[in-house]
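Just the one chain here, the form predicted on its own, laid out as structure tokens.
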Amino acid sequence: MSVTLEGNMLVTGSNRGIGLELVKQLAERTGAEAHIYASCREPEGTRAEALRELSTQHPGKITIIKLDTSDEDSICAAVRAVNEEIGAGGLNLLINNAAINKPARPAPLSATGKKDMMEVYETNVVGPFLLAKMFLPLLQRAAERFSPEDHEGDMMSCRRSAIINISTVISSVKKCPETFSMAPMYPYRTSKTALNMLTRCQAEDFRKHNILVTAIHPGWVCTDMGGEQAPLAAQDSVLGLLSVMSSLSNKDSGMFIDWQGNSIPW
């Protein structure tokens, strides 16, 4: 299966789990003109070994970028590095996937402190906020290169210029009564709810630039964070994510949906 995504794409938290699988499938399923910027905290470390191997399997298509989304200086350096490589093309797709969850499961209230709340918020909310802010000129550059005729009159798409914020169904305020007992996780839940509001704000703010912004729940995925009990394989989740991203348009900007395209209540 090919996906109708193209141009320059950046994925955060790409050394493992959903992020690594996103880079893998984007490299395999996009055209020759597509280029993936895969970011992680320690590109030379042991935890990025799989990502480095993947980049050697797709020479010239994957560029690994050092990026710690909790560090503003690191974000600035990553933006400069990407800007130097991209040139006139701009950034077509920013996927804010990097996230942390503290304290370790089951993360009851009794084990959760201020430091946990602040660290998770900084990575899961402030990081995507700064990335969108700093990459905005590159996202605008990509958006300005397309005319309405390029996308059959639909001004927004992931092929043109978009931000995808990876959220979670347990951030839904409405669904909290049915999901809380299985995953109390105060810092993670509240940070992702804030990420949803960030998505909504960015969608309104960036609409004038024809930049699409959508929050997507990838499903309960079997990863280090999702745990072994999760019913969904990363490969299947990402297949769905890329299919959904390929279909997004004006009406989806500012929305909260899942990996199968279903709407999730706020």
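What you see is a predicted model, and the numbers here were worked out from it, not measured in a lab. Numbering starts at 1 and follows the sequence shown.
Keep in mind that the form predicted in complex with a small molecule is not shown, yet the notes after this line are about it.
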request  = Decide whether D224 counts as a contact residue for the small molecule in the predicted complex under a heavy atom distance cut-off of 4.5 Å.
outcome  = yes
query = Do H35 and the small molecule share at least one heavy atom pair within 4.5 Å in the predicted complex?
reply = no
message = How about Y188 - does it come within 4.5 Å of the small molecule in the predicted complex, if we only consider non-hydrogen atoms?
response = yes
request  = Report whether the minimum heavy atom distance between S157 and the small molecule in the predicted complex is within 4.5 Å.
outcome  = no
inquiry  = Contact check in the predicted complex: G13, L67 and S70 versus the small molecule, with a cutoff of 4.5 Å between any heavy atoms. Do all three pass?
reply    = yes
task = Quick one: find which of 166-174, 136-144, 103-111, 81-89 has residues within 4.5 Å of the small molecule in the predicted complex by heavy atom distance.
result = 166-174
Answer option from I18, L242, L248, M9, heavy atom within 4.5 Å of the small molecule in the predicted complex = I18
